[in-house]
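The chain below stands alone and is given in structure tokens; this is the form predicted alone.
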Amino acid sequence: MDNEVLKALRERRSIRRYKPEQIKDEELQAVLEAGTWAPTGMGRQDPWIVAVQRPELVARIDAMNGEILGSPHPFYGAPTIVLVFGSAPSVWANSVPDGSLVLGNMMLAAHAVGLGSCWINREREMFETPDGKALMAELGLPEGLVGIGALALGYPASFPPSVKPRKADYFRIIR
């Protein structure tokens, strides 16, 4: 069985090298809107999505995340960073799964419109810090949210040279 969605699922790859030019507004809009169509527990639409394109803010977020990672430039030079937040899991148990589905939808949408993306971790740790909390306030987010994940987003400068084969026992069917 094959169709465009299944093909996109097989072809999408994490991109770790980006061209410096900023993505088009309509491409960003398509990616962000795709995030809003992700399923959420009880239809709550708990996640918050913030796209950052201001170069000095992109650099600041990159440095904050890199400090936690212990390595510079974890966003690989992407001109756009998309952050996803949600309620604290103690407030909404589906917060992390809901935000993860939002990020997954946005990665597939990015691929569909010719953009590269890469899921970036450490947003929980980053936004638990005093600097992270201050940044959340600057972004106009309500108190009590937690960082779930982020995307590096931009035009790919290169593609992974090969695809790892899927492991033989990845799934099973029990009848």
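Only a predicted model underlies this, so the values are computations on that prediction, with no experimental measurement involved. The first residue of the shown sequence is 1; numbering continues from there.
The same protein also has a form predicted together with a small molecule, omitted here; what follows describes it.
Report task. Go through L115, I120, L145, L135 and name the one with a heavy atom inside 4.5 Å of the small molecule in the predicted bound form. Result -> Looking at L115, I120, L145, L135 one by one, just I120 meets the 4.5 Å heavy-atom criterion.
Query raised in the report: Hey, in the predicted bound form, does S14 get a heavy atom within 4.5 angstroms of the small molecule?
Result: Yes.
Query raised in the report: Though only this chain appears here, would Y76 touch the small molecule in the predicted bound form if you measure heavy atom gaps against 4.5 Å?
Result: Yes.
Query - Partner-proximal stretch of 30-38, 135-143, 120-128, 53-61 relative to the small molecule in the predicted bound form, 4.5 angstroms, heavy atom - result: Contact criterion met by 120-128 only.
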